[in-house]
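Take a look at this single chain, the form predicted on its own, given in structure tokens.
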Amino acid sequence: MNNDRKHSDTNEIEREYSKFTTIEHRKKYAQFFTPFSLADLMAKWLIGNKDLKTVLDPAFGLGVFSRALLNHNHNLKIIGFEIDENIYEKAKIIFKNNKNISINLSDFMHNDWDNKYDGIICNPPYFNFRDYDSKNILEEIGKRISFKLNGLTNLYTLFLLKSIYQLNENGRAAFIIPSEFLNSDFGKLIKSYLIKSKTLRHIAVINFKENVFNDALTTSAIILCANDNKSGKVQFSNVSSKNDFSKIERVIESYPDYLSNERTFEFNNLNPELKWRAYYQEQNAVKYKNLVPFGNYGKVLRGIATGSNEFFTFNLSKANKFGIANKYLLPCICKSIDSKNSFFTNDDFEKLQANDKTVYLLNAVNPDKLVKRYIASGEEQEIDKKYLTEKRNPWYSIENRPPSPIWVSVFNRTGLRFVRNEANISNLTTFHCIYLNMFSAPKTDLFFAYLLTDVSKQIFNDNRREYGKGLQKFEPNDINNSKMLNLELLPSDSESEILEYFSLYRNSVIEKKPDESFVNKINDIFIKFYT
């Protein structure tokens, strides 16, 4: 390494780079730098392999992992891959005096399949599956590991799978990646392979109130793997602060023994179909009895996705400007901020309309001359060639999504928010739609009263997805696959009491003086009967 070693155990190199590199460039290459303390912890997992001689870093960056490793063993031979020429040139300067480090300006996912390594350490780029051409990679990985993946697989998990394939016997891998795959649909296949390969040893989930990467809105997990036969178990840990890294260090030092059997599971007891939060966090649903699938009552679908909200949505001013007749405008809630309360009424819609808010969606069925002119202007802007619109016929048609009686928020920081759609209007993807089945629809008020309670939100939270700084997200299937209380078991007198409090709460909201005490009383009834 460069003779000046003063930055060999800090992130000063990364901080200096960030000062003189635009955030746009760093986002383009998904450059979120690993804190040195974390890089050192991951390096110690690799160093624990007494046969460690060759190390691969598939996303080299400025070499924070190499600096950490060389502090422990300066004789290691390290191979790196990097696709950003800018950072590649800077990394070459940093390590110009170390002949054991070789950095390749090429894409790891398309290269180096036939080499094996004693250690692999990585903070892979975090790209959405739509932002990266992964078709050929998926085919190559599927062929190599004899495991079929789908096109929704995120790139960072492909880095992990390829790395496991390239581990030497007794080799070890340490990854820091977003933890969302543990609790998402696309992660099921990844978890299946981790179980099948029997290389997974430890998952440490970083506390969601603290971002490991200051400028990346993701939660993180440390994934430790070993291609040995020393353990048939996987242990899960929670790390609430950087001070807790010492817990993981003790786990690393004790391997293959476990300091305790807490949150430790045999491979055959891990279920890839489950959200793996159940293995590292206490589940709220266990507090309650008589739970049933949410699907017993209804189904959640996402709101209408236009492909270009700027083109498809209207306020009255825009409609007048382009001469769009009212019959081509579908009343629609377009922004969550326009529905702040638990009930959205006709009066609420009329006020938004009067304030010239964006509350309409273009519904160009049998378009007249002026609508056709507006559609033509969209084609001039190539709106018809966008990701969603190019798949529709005609491209300007909207999804068939009837108004739902209840909306549910997509993102939140304080728990799910449900809205009773009394105005019976449509909604964009700012909300999901809840449709009740024919048996539940007659009891919509009782169902909605339940949704308002902390009891319901606690149970739903077992299926949440988490991002940085406390941000939570629910996809439709996160709710569809959740549990809820069996409302059919409520005594009739309790049901009547709930509906009475519900009516009082609704009135207080309509009068702009929401009284949450009524919801609390409903909550208490459910607690009394179901715990």
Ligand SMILES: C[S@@+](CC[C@H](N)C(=O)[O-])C[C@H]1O[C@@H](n2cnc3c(N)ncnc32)[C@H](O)[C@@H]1O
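Because the structure is predicted, anything quoted here is derived from the model rather than measured. Start at 1 and count along the sequence shown; that's the residue number.
This protein has a second form, the form predicted together with the ligand, left out of what is shown; the following refers to that one.
K.L.:
Of these, 78-86, 364-372, 166-174, 417-425, which stretch puts a heavy atom within 4.5 angstroms of the ligand in the model of the complex?
P.N.:
In the other structure, the partner sits against 78-86.
K.L.:
Check whether D185 has any heavy atom within 4.5 Å of a heavy atom of the ligand in the model of the complex, and answer yes or no.
P.N.:
No, D185 stays farther than 4.5 Å from the ligand in the model of the complex.
K.L.:
In the model of the complex, is there a heavy atom of the ligand that lies within 4.5 Å of any heavy atom of F108, even though the partner is absent here?
P.N.:
Flag for F108 set to yes.
K.L.:
Does the ligand come within 4.5 Å of any heavy atom of L487 in the model of the complex?
P.N.:
Although the ligand is absent here, L487 would stay clear of it in the model of the complex, with no heavy atoms inside 4.5 Å.
K.L.:
So, A30 and the ligand: in the model of the complex, are they within 4.5 Å at any heavy atom pair?
P.N.:
A30: yes, in contact with the ligand in the model of the complex.
K.L.:
In the model of the complex, which of the listed residues (F181, Y193, F159, W276) lies with a heavy atom within 4.5 Å of the ligand?
P.N.:
When the ligand is considered in the model of the complex, the option within 4.5 Å is F159.
K.L.:
Mind listing which residues of 33-61 have a heavy atom within 4.5 Å of the ligand in the model of the complex?
P.N.:
F33, T34, D57, P58, A59, F60, G61 sit within 4.5 Å of the partner.
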